[in-house]
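What follows is a single chain, given as structure tokens, in the form predicted on its own.
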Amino acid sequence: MLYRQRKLDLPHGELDTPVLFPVRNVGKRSSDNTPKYVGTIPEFSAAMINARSIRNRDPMWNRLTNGVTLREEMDVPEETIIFADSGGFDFSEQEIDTTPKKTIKTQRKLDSDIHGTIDIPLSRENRAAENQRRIDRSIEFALEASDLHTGDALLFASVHGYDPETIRNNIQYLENHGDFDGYALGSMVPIRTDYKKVTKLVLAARNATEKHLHVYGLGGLVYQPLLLYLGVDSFDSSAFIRSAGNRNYLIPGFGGEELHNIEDLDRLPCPCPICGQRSLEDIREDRTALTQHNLWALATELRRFKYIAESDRDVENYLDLRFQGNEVTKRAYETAKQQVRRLT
């Protein structure tokens, strides 16, 4: 397997990897309604934010430009690690309304530890020529950001590609012509149900660089063990918020379960600090608690993999069991396993 552990030295402290960056919705709404988790879930001392959304929400941006720090705005400790992406996912449907200079200036104002370069996601509906134009534009933006970067934070180049060869070539081109601390693989969310394709693209990126590899938008329960197995250093997810909004209860080792399917249970299957002392009915009525539980579920999935990897147990045997209940993810894992075995 390609699983690995490293440590990032960042302006606001050290960060052990692999790590999940929970997506915060600050800037997307008038106020950030993500429940408190920093300081309560030990491995989650970090957050992924959308720099564009924050800059475009005038009242919030005015506060930030008049002395309030982003971490004060988010009500988190000053040592919280922040990864600020460009908000590129918004550009899949909207026109690009920023530049590398404007984005980096915003990221610096937010005092983020990691800057993601502007990216324009690919679309499954677009023609190959249009997607190639988007790929080329993202590379141009990344190289412009590299020229502007002063080393005040880590800079991850956002990379897209519709096949493994494109991914490899793009990373190698950026490596030869820019100065980046790592790479962030995008355009994965629209194809997330095509597990075999996603794992092939991720593996191509992993093989193209020894530097930090982040995958945008795929940090849910099912993808976590796959990404860890493939050597991904970090990922982000808003699944805990979206699932809670749909009354979907995340169960480590399994996936999501709609609460109405288990309404005859008195107690929920997870003994986390949120669920341990409360009834199913309590959790059903409290969306904040459900969101917090879902974060604990993501933490548990991550801890479980780390335990297997650090003990004498066989990771591939664990993943054989982990994916046996779903034929689609099982086939994707089997494909990934064959590819990884040829490399190790």
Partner chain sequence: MADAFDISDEQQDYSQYGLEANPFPYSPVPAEDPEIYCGQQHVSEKISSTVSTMLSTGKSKHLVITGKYGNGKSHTLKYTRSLLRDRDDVVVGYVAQPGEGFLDIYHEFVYDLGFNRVQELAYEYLASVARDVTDANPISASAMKSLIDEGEILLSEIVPEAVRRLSDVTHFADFARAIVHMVYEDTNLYAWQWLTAEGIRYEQRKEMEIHSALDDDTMGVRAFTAFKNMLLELGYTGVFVFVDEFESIARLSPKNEQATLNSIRHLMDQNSSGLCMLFGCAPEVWQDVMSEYHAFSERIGEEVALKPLTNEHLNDLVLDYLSRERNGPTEASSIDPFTNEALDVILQRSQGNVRQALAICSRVLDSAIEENREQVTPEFVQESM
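Predicted model, so just to flag it, every value in this text is computed and none were measured. Positions refer to the first chain, counted from 1.
If you look for the form predicted in complex with its partner chain, you will not find it shown, but the lines that follow are about it.
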**Report entry** Every residue of 215, 242 and 287 near its partner chain in the model of the complex, heavy atom within 4.5 Å
**Finding:** no
Query - Among 219-227, 169-177, 242-250, 77-85, the region lying within 4.5 Å of its partner chain in the model of the complex by heavy atom distance - result: 169-177
Query raised in the report: Pick from 147, 165, 264, 95: which residue has any heavy atom within 4.5 angstroms of its partner chain in the model of the complex?
Result: 165
Report summary line: Partner-free chain; cross-checking its partner chain in the model of the complex, the single residue of 139, 120, 188, 155 with a heavy atom within 4.5 Å is 139
Query - Any non-hydrogen atom of residue 270 within 4.5 angstroms of its partner chain in the model of the complex - result: no
Query raised in the report: Does any heavy atom of residue 238 come within 4.5 Å of a heavy atom of its partner chain in the model of the complex?
Result: no
Query raised in the report: Is residue 71 a contact residue for its partner chain in the model of the complex, using a 4.5 Å heavy atom cut-off?
Result: no
Query raised in the report: Given that the partner is absent here, does residue 135 sit within 4.5 Å of its partner chain in the model of the complex, heavy atoms only?
Result: yes
Query - in the model of the complex: members of 36-63 within 4.5 Å of its partner chain, any heavy atom - result: none
